[in-house]
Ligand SMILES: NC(=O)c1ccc[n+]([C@@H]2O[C@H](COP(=O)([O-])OP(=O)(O)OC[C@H]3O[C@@H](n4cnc5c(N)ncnc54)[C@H](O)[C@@H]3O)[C@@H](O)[C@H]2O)c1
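Below you will find one chain, with nothing else, as structure tokens; this is the form predicted alone, and questions on how it binds or moves follow later.
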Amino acid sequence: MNLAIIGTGYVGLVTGTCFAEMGNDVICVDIDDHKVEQLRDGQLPIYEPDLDVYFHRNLREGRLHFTTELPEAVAASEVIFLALPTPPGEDGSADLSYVLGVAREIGALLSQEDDPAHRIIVNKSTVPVGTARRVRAILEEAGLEAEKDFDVVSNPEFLREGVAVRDFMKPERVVIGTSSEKAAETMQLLYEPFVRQGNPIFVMDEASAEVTKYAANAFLATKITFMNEMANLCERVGANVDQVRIGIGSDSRIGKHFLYAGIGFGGSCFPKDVKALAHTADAHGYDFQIIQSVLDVNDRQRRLLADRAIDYFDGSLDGRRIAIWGLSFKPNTDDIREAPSHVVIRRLLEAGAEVAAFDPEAIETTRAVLGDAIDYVDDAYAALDDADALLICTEWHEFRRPNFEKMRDRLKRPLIFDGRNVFNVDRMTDAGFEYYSIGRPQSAPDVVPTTMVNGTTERSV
């Protein structure tokens, strides 16, 4: 098929590249001239594992194209995906100005065609309920006739940064929201190559598809937040949140995913989508108390690590140098949007600290936001030099098996505040560190917890 992808952010680039990998002819549109030139030259503006392999292959084989000209893309395409930003407004509502603005441009372009060929306009962006209806109304205002000239489809993405390519190529499910049988058939045909192993394609009405995306992210954010609350309780009663996680995660009704305690969620999706869902509920007169609690707890949790370090040093970090490991909101991405690390860093700076930070991929994206407020180093151990403490904010794999002797030698004092529970508590105590994590005892327990797996007793941590 001939496809257009409007917007070349995380979702747009992954969507366009993966569709091209399945043999479609894809043209991606962006208003940023410099970015489009970079993409044409084979330079990816984001870090996403495996994206470069598919990107360069399809660019080389002529299935993936980039332009700043929307008319060119609309004229050449039968299915047009809107992968545009929907940032949160001050009240938490999703800003639809980009989506609706492009819809108006598409309507104007199609209305100028003598006999417009049928187009499918697909909302790939995460949008609140009612957006498909609003896009349809805009196209009808341009003089187009629904079903004859166009259809509007809600096709939410369920991509996790860091594994987005894998998620797109082998989705657990595809959700298609449309009231048009013709559009549903076309979209199913487009996605068939991605679900050859039998994973489902769900066709539903547009409003239900829009709510499904928000419901999924809000529920996952709620699981994370619940475990963070449990971790805070565990610390007060002397329990170990890792053992609690194992105990409840084995229940198939609960599942083992998204049960890891830490310093809160961030990124481009969860914070924005939870806020948007809360705003939608409020706009319809419903007090969605669970969702508001998720936001409140997460805001508090993101401050936790810095507050503990500040309290440790009696309320002031004047003259203290603090090392930070991890700047991205999660591993395997350079995305720092709503990253807990940035909340931590700002609070450390307010308390008078000098901050030295390392991240495998997110140095430049952080520098673009924080500027020269902190020191950036290109080696994890270099961040520790003359530091009074290390704070771990992102659980990159390379942090899991460091040289503890080298860490101890380079830190001014062997003090670690671990916001992602990267290390084993017993091991850190044995290695001579003063080690504070989330929801776990600060000293080795008298009895090593065990669990029985396939008839064999193993340590649980």
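Here the structure is a predicted model, which means the values were calculated and not measured. All residue numbers refer to positions in the sequence shown, first residue = 1.
Although it is not shown, the form predicted together with the ligand is what the next lines describe.
Contact between Thr126 and the ligand in the predicted complex at 4.5 Å, heavy atoms?
-> Yes, Thr126 sits close enough to the ligand in the predicted complex that at least one of its heavy atoms falls within 4.5 Å.
Taking 4.5 angstroms as the cut-off for heavy atoms, does Val165 touch the ligand in the predicted complex?
-> Val165: no, not in contact with the ligand in the predicted complex.
Non-hydrogen atom contact Val29 with the ligand in the predicted complex at 4.5 angstroms | Yes.
Answer for Val11 alone: is it within 4.5 Å of the ligand in the predicted complex, judged on heavy atom distances?
-> Although the ligand is absent here, Val11 would touch it in the predicted complex, with heavy atoms inside 4.5 Å.
Of the options Phe226, Tyr260, Tyr98, Phe288, which one has a non-hydrogen atom that comes within 4.5 Å of the ligand in the predicted complex?
-> It is Tyr98.
Considering Asn332, Thr365, Ser268, Thr212, which brings a non-hydrogen atom within 4.5 Å of the ligand in the predicted complex?
-> The residue in contact is Ser268.
Among 295-303, 228-236, 98-106, 252-260, which stretch has residues whose heavy atoms lie within 4.5 Å of the ligand in the predicted complex?
-> The contacting stretch here is 98-106.
Partner contacts in the predicted complex for 144-182 (non-hydrogen atom within 4.5 angstroms of the ligand) | Stretch hits, in order: Glu157, Leu159, Glu161.
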